[in-house]
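A single chain comes next, written as structure tokens; it is the form predicted on its own.
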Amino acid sequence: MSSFVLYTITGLGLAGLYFLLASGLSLIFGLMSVLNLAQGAFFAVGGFAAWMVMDLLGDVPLDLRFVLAVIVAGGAGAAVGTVVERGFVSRIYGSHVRQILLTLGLGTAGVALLGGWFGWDPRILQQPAWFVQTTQIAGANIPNSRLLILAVAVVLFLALMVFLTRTRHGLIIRAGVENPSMVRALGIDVGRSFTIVFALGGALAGIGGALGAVYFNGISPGLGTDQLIYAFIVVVIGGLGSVPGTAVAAVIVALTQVYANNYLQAGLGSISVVVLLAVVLLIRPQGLMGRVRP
């Protein structure tokens, strides 16, 4: 029983990272029809931004320094997302092949730039002492870092839902996901919403990178790219443009992966996730909470 609890909470922590990486990806594709293959680079940028804060602010108490590192990671991700959207993607809306090639190139270049700057070996992120301790839940010793990642993901999910349902820009984004042509017909400037979505996706990925450096015991240039395939699977299973669907799919994918690796055989987690994707596509091609557009 204790092993099951440990695997479950560890899987939920991994689900939190998948959600942070996939939610912005889902909104970007749902609203803008842009398959952002540079999202993994945003993740890595956030991780290295957090590492730099932890390294440079050595005189600041460790707990406060980590909080600042996560905030800076989100800001760095948002800044990179804004630059990518305004400087590059905004020039080629409507051309899907060029968008894929562009974001793939930017993602590859971003990873190479980070590798040339920081090196390819993982950089270990300093953590407050509480993170490396454990909390006993139902007989299982759960690393506190997993609980923190899960808590941050839940808080950001709730904040994202409030933004999408209670603010003007959030309502425009939701309407744009459902019927972008109608939003344009109403005379609403969707260009600003596009920038906000890219910045929001970058911020979530950046925070995910900071927390991913904790979960994976270090941040490397290619870490976000390695996790990007799982983020795409989460987006497809959850339904394009659906934040609740992304959250549910992140939990399902992460738990499937962790359970398969620990109860069946190490390495079967990735295969199990692909099988899960195939089953969902056969039964419900639009995803668990996606809608079929007229």
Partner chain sequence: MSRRSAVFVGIVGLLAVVPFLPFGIPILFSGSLDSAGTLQVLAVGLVFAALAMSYDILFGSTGLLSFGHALPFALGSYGTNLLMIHAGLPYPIAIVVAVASSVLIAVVVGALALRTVGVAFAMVTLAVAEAFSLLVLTDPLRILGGEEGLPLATAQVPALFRGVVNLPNVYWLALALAVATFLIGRRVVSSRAGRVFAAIRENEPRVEMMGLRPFPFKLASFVTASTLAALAGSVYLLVVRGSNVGITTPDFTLAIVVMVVLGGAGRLWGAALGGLVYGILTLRLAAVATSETIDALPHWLSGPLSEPLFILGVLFILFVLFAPGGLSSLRPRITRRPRRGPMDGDPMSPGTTA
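If you're wondering where the values come from, they're calculated on a predicted model, not measured in any experiment. Positions refer to the first chain, counted from 1.
The same protein also exists as the form predicted in complex with its partner chain; that form is not shown, yet it is the one meant from here on.
J.: Within 4.5 Å, heavy atoms only: does I71 come near its partner chain in the model of the complex?
T.: Taking the distances in the model of the complex, the answer for I71 is no, it never comes within 4.5 Å of its partner chain.
J.: In the model of the complex, does G58 come within 4.5 Å of its partner chain, counting heavy atoms only?
T.: Judged by the heavy-atom cut-off of 4.5 Å, G58 is well away from its partner chain in the model of the complex.
J.: Is there a non-hydrogen atom of L37 within 4.5 angstroms of a non-hydrogen atom of its partner chain in the model of the complex?
T.: Although its partner chain is absent here, L37 would touch it in the model of the complex, with heavy atoms inside 4.5 Å.
J.: Although its partner chain is absent from this view, report whether V236 comes within 4.5 Å of it in the model of the complex, heavy atoms only.
T.: V236: contacts its partner chain in the model of the complex.
J.: Okay, which stretch from 200-208, 75-83, 141-149, 93-101 lines its partner chain in the model of the complex, with non-hydrogen atoms inside 4.5 Å?
T.: It is the stretch 93-101.
J.: Checking a candidate spot here: are L6, T10 and M161 all in contact with its partner chain in the model of the complex (at least one heavy atom each within 4.5 Å)?
T.: Looking in the model of the complex, the three residues L6, T10 and M161 all stay beyond 4.5 Å of its partner chain (heavy atoms).
J.: Need the contact residues for 102-128: heavy atom within 4.5 Å of its partner chain in the model of the complex, sequence order, or none if there are none.
T.: Going through 102-128 in order - heavy atoms within 4.5 Å of its partner chain in the model of the complex - the hits are L102, L104, G105, L106, T108, A109, A112, L113, G115, G116, W117, W120.
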